[in-house]
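Given next, in structure tokens, is a single chain: the form predicted on its own.
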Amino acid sequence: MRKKILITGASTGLGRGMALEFAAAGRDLALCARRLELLEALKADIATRFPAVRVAVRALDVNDHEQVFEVFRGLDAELGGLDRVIVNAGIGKGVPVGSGQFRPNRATAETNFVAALVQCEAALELFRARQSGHLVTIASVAAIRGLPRSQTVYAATKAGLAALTEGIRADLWHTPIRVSAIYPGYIESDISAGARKRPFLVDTATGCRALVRAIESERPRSFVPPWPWTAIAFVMRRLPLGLLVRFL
């Protein structure tokens, strides 16, 4: 059982929801995000509801690459060795490519892919040293295909993250270190707030319970919730692009 779990982007949304689910299961937590005050409030909430759970928190901007290594090492030392790292921090900004608004797309690319790469590097520095651990990346069903309009760069970053995760798994194939990519469908979160109503949208609590079940299975790849997103991903891969665009 993975007892000591680090989650990035843990102050709100899916990160916060997963933290509460793991705390309910008695897991010790290392939580990091930019807004330390929200992490401290979450830590207090967990202490009230699950007093046996240890929680360590650190402020972290995942785009500060040196800080990522420092924070991961510090939390690893504080909890006495991390068993699992969940690369969850990400953003959903985006505009059509070529629309004259490069900055949101660059921010999405830097946070969702480059910063995720840094987090994987920092996690595997710890896991390779002890030949143990579970690396988890939170990709998206959007990673399955190239998508239009404001989703173009977001989908590309998640596809890149999924490919990165598979490459890492291949590199660690003959080691005890486990590597998983999770592909959430539509789950209520900060990223989805304000977006148009999506089909098959589930609330945060339901989605996070499904995320934790998928993570605990340690399968190489999981769509969350499994129904209907496993089936939808199968169809998305095979639809002609012109038809796919009509449904988006």
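Worth saying up front: this structure is predicted, and the values here are computed from it rather than measured. Residue positions are given as counts along the sequence shown, with the first one as 1.
One more form of this protein should be noted, the form predicted together with a small molecule, which is absent from this view; the next part is about it.
S.K.: Name the single residue among 139, 153, 122, 135 that comes within 4.5 Å of the small molecule in the model of the complex, judging by heavy atoms.
M.R.: Exactly one residue meets the criterion: 139.
S.K.: Counting any non-hydrogen atom inside 4.5 Å, which residue from 218, 45, 70, 61 sits next to the small molecule in the model of the complex?
M.R.: By the 4.5 Å heavy-atom cutoff, the listed residue in contact is 61.
S.K.: For the chain seen here without its partner, which of 144 to 152, 167 to 175, 74 to 82, 87 to 95 has a heavy atom within 4.5 Å of the small molecule in the model of the complex?
M.R.: Going by heavy atoms within 4.5 Å, the stretch is 87 to 95.
S.K.: Taking 4.5 angstroms as the cut-off for heavy atoms, does residue 10 touch the small molecule in the model of the complex?
M.R.: Yes, residue 10 is a contact residue.
S.K.: Indicate whether the small molecule has at least one heavy atom within 4.5 Å of a heavy atom of residue 33 in the model of the complex.
M.R.: Contact check for residue 33: yes, within 4.5 Å of the small molecule in the model of the complex.
S.K.: Just checking whether residue 105 would be counted as a contact of the small molecule in the model of the complex - the rule being heavy atoms within 4.5 angstroms.
M.R.: Output for residue 105 is no: heavy atoms all beyond 4.5 Å of the small molecule.
S.K.: Find out whether any non-hydrogen atom of residue 50 is located within 4.5 angstroms of the small molecule in the model of the complex, and reply yes or no.
M.R.: Residue 50: no contact with the small molecule in the model of the complex.
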